[in-house]
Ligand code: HEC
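Before any questions on how it binds or moves, here is one chain, the form predicted alone, in structure tokens.
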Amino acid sequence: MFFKITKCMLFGTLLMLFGCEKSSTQVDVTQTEVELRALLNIPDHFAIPAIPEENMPTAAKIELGRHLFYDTRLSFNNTMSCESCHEQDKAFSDGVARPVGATGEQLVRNSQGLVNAMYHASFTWANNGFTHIEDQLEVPIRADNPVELGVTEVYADEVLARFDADPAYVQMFADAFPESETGASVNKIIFALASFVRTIVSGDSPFDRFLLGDDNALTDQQKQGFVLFNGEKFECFHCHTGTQLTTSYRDYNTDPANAQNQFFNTGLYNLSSEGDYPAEDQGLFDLTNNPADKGFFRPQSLRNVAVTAPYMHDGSIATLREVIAHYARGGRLIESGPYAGDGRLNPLKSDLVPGFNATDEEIDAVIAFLESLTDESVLTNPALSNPFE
């Protein structure tokens, strides 16, 4: 029998969804905020993001950042760009488990989608010290272990010279940074890229239209999935809440000291009695060296999640149905091979992953709800597309 959803039930789940996030309608919107909404394409039901004062966006920075995002000259050997791991039609993810860098070396983590990244409280899968997009961009540009774009100190001058030799880029850098008397620099590149990434905004999915009052924007099955998603059986909402469907959230109303910046062990692996994950990536533990942080990763936003497979920090789960099966079991069982172990028994696993029984109908409904988070406009918006094509 079909699960009947009442208005009271929907109202209750909406309260849970938005209960820990301030409404942008509760603050006075200054002219600067109005301009930011127009510049960054921020919908009215989203708050203004937290943006560092030293890098307030401008149209010129955004245009420069868009060109740099798609330009392979931003890698030390001219082989890849940011877009190589962040494709627009995949919500700026890449569709592979783990990408390779400019040297062909495979990275250890799955490429995250960049949609609405400006609302995250922290950046990368497991780093509580990166609190702005600018911090994160240091990694793909400068890192040498593993190499992504490979613009290390050895190659930085050579890469920057490419842009200084291009009259179009000379003009774009001058327009974006009019107070500077010098040309391209790594910091300017990071500021411009961050400004462009802040325009990758998704707020026009069927789910958004439903929240804004269009009762027909979701099917009955998707509404059922929405209620289950926010119920105590599936418990998805504990880690995926608010307008951005993640506990990693901050906007300009948020006190940085109180920003939601949570990490969880979900029982994906269990390689020892101490709850070890594979040595190449033990999550937050690799940064803090605190054994209690083994296997701790940041919950990702679920916006456009249906087009960002494969899933988890290492891309080791192929489909949404398999993701739900993992949580339903209460942790993943790997029966053989170097990663054999029962994640359900991981001693560091979150209490929010106890496991549950679900019918095929319920799982289908939750998947249908997750599909309602796909915003076709962000996948096709010409303002976000490759300017060289």
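All residue numbers are counted from 1 along the displayed sequence. All of these numbers come straight from a predicted model, not from anything done at the bench.
What comes next is about the form predicted in complex with this ligand, which is not displayed.
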Every residue of 250, 379 and 384 near this ligand in the predicted bound form, heavy atom within 4.5 Å: no
Option touching this ligand, based on a heavy atom within 4.5 Å in the predicted bound form, out of 211, 227, 284, 305: 305
The single option of 270, 110, 202, 244 touching this ligand in the predicted bound form, heavy atom within 4.5 Å: 110
Option from 38-46, 335-343, 321-329, 51-59 whose residues, in the predicted bound form, bring a heavy atom within 4.5 Å of this ligand: 321-329
Close approach of residue 239 to this ligand in the predicted bound form, 4.5 Å, heavy atom: yes
Touches this ligand in the predicted bound form: residue 100 (any heavy atom, 4.5 Å): yes
Non-hydrogen atom contact residue 266 with this ligand in the predicted bound form at 4.5 angstroms: yes
Exercise: residue 358 in contact with this ligand in the predicted bound form, heavy atom 4.5 Å: no
Those residues of 337-366 which, in the predicted bound form, come within 4.5 Å of this ligand by heavy atom: 350, 352, 353, 356, 366
